[in-house]
Every structure is written in C-alpha cells, then in structure tokens.
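Read the single chain below, which is given as structure tokens and is the form predicted alone.
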C-alpha cells in the first residue's frame, strides 16, 4: 500500500515546529521515520501534515550539563552508539543493540520515547537510568520522569501540541554498575523479554526494571533494594520469580524468559 495524501514542511527552527503544531491539529512529527513510515504505508496513520524535525539543530545536540547529559530528541541511535560518554556508558550499550545499523542511522531517541512501543529499548533504559523527558508545547516547558512518561502501548503523557525536545540522563559515578539484557528471536528483532538494572552507591541508586511487556516497563523496587543491600547473594531464583509475578502476568514460557532476562541483567551488574 501507499500512504494517503499529506502535506510536508520542514520548519527552520524549534519555534517554527511549535508554531506548526499549534496551527494544525492533524499534524504528525517525523524525525527518523523508522516507526511512522510503515504506519503511513499501511494507512494506520493518516496525518494531514508531516512536520520534519530530523534536522532541527536545537534537537540534535549531546551536551554535558554538569550533573547530567542532555540528549536532543533528534539524536540518532547510531550517534549515541558512536559517542563515548564516560559518565553514562549504558547509553552506548543500549544504542548499539537496537535493531540493525541501517535502522540506528535513522531512528531517534525522542522518536522512540514518543512512539512508546512496549518492546522498545529507550523507554526501558531511560526509566532504569532515572532520566527526565523534556517536552515543549503551547503550555510551555515541562519535565517528565521517564518512569511514567509512557502510559500504555503507544500512549504517553504528551499533549497534542507537544513534542519531546530532549532527555536529561543523570551521570553515574565511577563506582556505578549497570546491566541490560534482552531475549530476541534473532539479532535485530524486538525482544520477547528485557530487563535493565542500574546500581550506583554514590547516589544510592538501585533501579531494576522489566521491559517488553504489554504496557510500560515495570519497576522491581523491592528486589532492587534488597540486592543493593545484600549484593550478589540476593540474586535468588525464587526472589526474582516473585518480583516478576507481581508486575507481569503471562504463560510459563513468558515467565521463564522474563525471569532469565532479569537474572542476566543483574549478573552483568556484578560481573568482574
């Protein structure tokens, strides 16, 4: 199939993008287009106007902001994969495992968060990192925790006239450790199960999230707190199974994959 007819604009700056969003209620934003273009061709999305933000300079920067790193919404997965950020090494790990290089060359961090696919990497990783999603719209500037930004499958807290402009990722201390693991049928596919863990003794951070569910990533707060106190010895099959069962229903195969993803992410944290 082919997309239904639409108009296309590329505003010169962020102010122009926001102005177009205010004027046209049927508009859709496009940056990398890796999710939107298939939807257009299948006519599952029929916008009257496409607003191209892929080259908007205000959305393209990676900045050191002291306590955190700001990643522009139009920064691609490949740019994060190729960029060594010493205080946020998990970003490079996650980016390098997304789909294929051709996809990573076009897909964007902000696009992934705004699209809110339950199996996507960035909603899970940013929640585990304690990131903040920065959005702009008619009502002005808002900062929303990545944990909670996604409301459900393909649903977020974004209003109709808002867009993601950046993500602020807190820096980790030199003693911080992280783990990220996902089960895929083959390399490049969306995962059947995924998990992310971040432990930083300096900031007293202990975060553990389960992803690839029917909705948003789910935190395993109690298990993370126990492991932060007790270390490797607390990684027990029964404790992990109990934590997974509390946040996700599924058949025995799904349960086993989810438990294994959590276990492997945690073991990456404590790997020598």
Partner chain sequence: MKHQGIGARVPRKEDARFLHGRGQYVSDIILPGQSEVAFLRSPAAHAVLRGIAKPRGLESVVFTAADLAGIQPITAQCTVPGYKVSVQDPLARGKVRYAGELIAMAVAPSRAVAEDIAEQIVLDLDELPALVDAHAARATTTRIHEEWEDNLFLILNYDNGFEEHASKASVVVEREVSMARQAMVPLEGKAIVADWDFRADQLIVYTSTQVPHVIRIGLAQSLGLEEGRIRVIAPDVGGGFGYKCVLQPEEICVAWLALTYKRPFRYVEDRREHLIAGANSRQHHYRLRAHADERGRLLALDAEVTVDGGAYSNWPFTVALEPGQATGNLPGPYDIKGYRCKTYCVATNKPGFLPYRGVARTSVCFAIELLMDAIARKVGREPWEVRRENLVTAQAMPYINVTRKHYDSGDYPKSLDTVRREIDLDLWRARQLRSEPDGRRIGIGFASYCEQSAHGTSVFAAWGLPLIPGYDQATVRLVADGSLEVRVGVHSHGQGMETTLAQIAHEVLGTDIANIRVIHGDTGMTPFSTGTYASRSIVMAGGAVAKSCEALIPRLLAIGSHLMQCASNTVQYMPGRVVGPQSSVSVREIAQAWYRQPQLLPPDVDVNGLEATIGYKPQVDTGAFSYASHAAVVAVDVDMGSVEILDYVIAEDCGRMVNPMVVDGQTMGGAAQGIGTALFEESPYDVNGQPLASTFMDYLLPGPTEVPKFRIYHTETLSPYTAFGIKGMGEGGAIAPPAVLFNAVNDALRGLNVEVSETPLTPRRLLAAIERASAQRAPASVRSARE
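Residue numbers count along the first chain shown, from 1. Note that the coordinates shown come from a computational prediction; the quantities given were computed from them, not determined experimentally.
There is another form of this protein, the form predicted together with its partner chain, and it is not shown here; the text below is about that form.
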Contact with its partner chain in the model of the complex for residue 249, defined as at least one heavy atom pair within 4.5 Å: yes or no? no
Test of understanding: in the model of the complex, would residue 159 fall inside 4.5 Å of its partner chain by heavy atoms? no
Taking heavy atoms only, is residue 261 within 4.5 angstroms of its partner chain in the model of the complex? yes
Wondering, does residue 257 line up within 4.5 Å of its partner chain in the model of the complex on heavy atoms? yes
Partner-facing stretch of 160-168, 144-152, 80-88, 187-195, counted where any non-hydrogen atom is within 4.5 angstroms of its partner chain in the model of the complex: 187-195
43, 221, 55, 65 - the one with a heavy atom within 4.5 Å of its partner chain in the model of the complex: 43
Taking its partner chain in the model of the complex, which residues along 104-118 bring a heavy atom to within 4.5 Å of it? none
